[in-house]
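Just one chain follows, in the form predicted alone, and it is written as structure tokens.
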Amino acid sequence: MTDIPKAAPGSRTEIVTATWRDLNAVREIESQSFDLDAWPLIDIIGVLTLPNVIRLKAVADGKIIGFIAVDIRRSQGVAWIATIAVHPDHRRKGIGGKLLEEAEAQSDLARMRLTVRRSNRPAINLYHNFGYREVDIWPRYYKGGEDGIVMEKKLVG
């Protein structure tokens, strides 16, 4: 993976590889982004350190404002977006889209998938705009019993 800075439109946001040193910032973004579903510390440590994970951060003015982790599952031929979050103060500025685009560019698999809460219309709209389509429903997947919508995009190699 290369750390080629990519700026979001109209901003000075760079998309670069995240490391274990970003643990506290990623944990903060997770907790501010997901009321019920914020990852526990051990899961964040995992995506920041385990092999076969694409981990990217969006940085603006020296501060991490977004994060994506993608689990590369070669045996299944699919890359799973494990988490994607943008700090609430920086949403609707194209940062989530830039994280998605760079993660897709770094994946060498034919498909990328993710799961999203049925009620998360802004995220679902973002994924639709980037070519993701609903392929399955996981009943009562999320805390509180809400269904998860599985979305997939076929990536061009």
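Each residue number is its position in the shown sequence, starting from 1. Because the structure is predicted, anything quoted here is derived from the model rather than measured.
What follows is about the form predicted together with a small molecule, which we do not show.
A.B. asks: Thinking of 15, 47 and 55 as one candidate spot, does the small molecule come within 4.5 Å of a heavy atom in every one of them in the predicted bound form?
C.D. replies: Checked in the predicted bound form: no contact with the small molecule for any of the three.
A.B. asks: Scan 112, 103, 60, 126 and let me know which has any heavy atom within 4.5 Å of the small molecule in the predicted bound form.
C.D. replies: Of the candidates 112, 103, 60, 126, 126 is the one lying within 4.5 Å of the small molecule in the predicted bound form.
A.B. asks: May I ask you to check whether residue 33 falls inside a 4.5 Å heavy atom distance of the small molecule in the predicted bound form?
C.D. replies: The answer is yes: residue 33 has a heavy atom within 4.5 Å of the small molecule.
A.B. asks: According to a 4.5 angstroms non-hydrogen atom cut-off, is residue 97 in contact with the small molecule in the predicted bound form?
C.D. replies: Result yes; residue 97 sits at the interface with the small molecule in the predicted bound form.
A.B. asks: Looking in the predicted bound form, any heavy atom of residue 116 within 4.5 Å of the small molecule?
C.D. replies: Answer yes; at least one heavy atom of residue 116 falls within 4.5 Å of the small molecule in the predicted bound form.
A.B. asks: My question is simply whether residue 93 lines the interface with the small molecule in the predicted bound form - judged by any non-hydrogen atom within 4.5 Å.
C.D. replies: Looking in the predicted bound form, residue contacts with the small molecule include residue 93, since a heavy atom lies within 4.5 Å.
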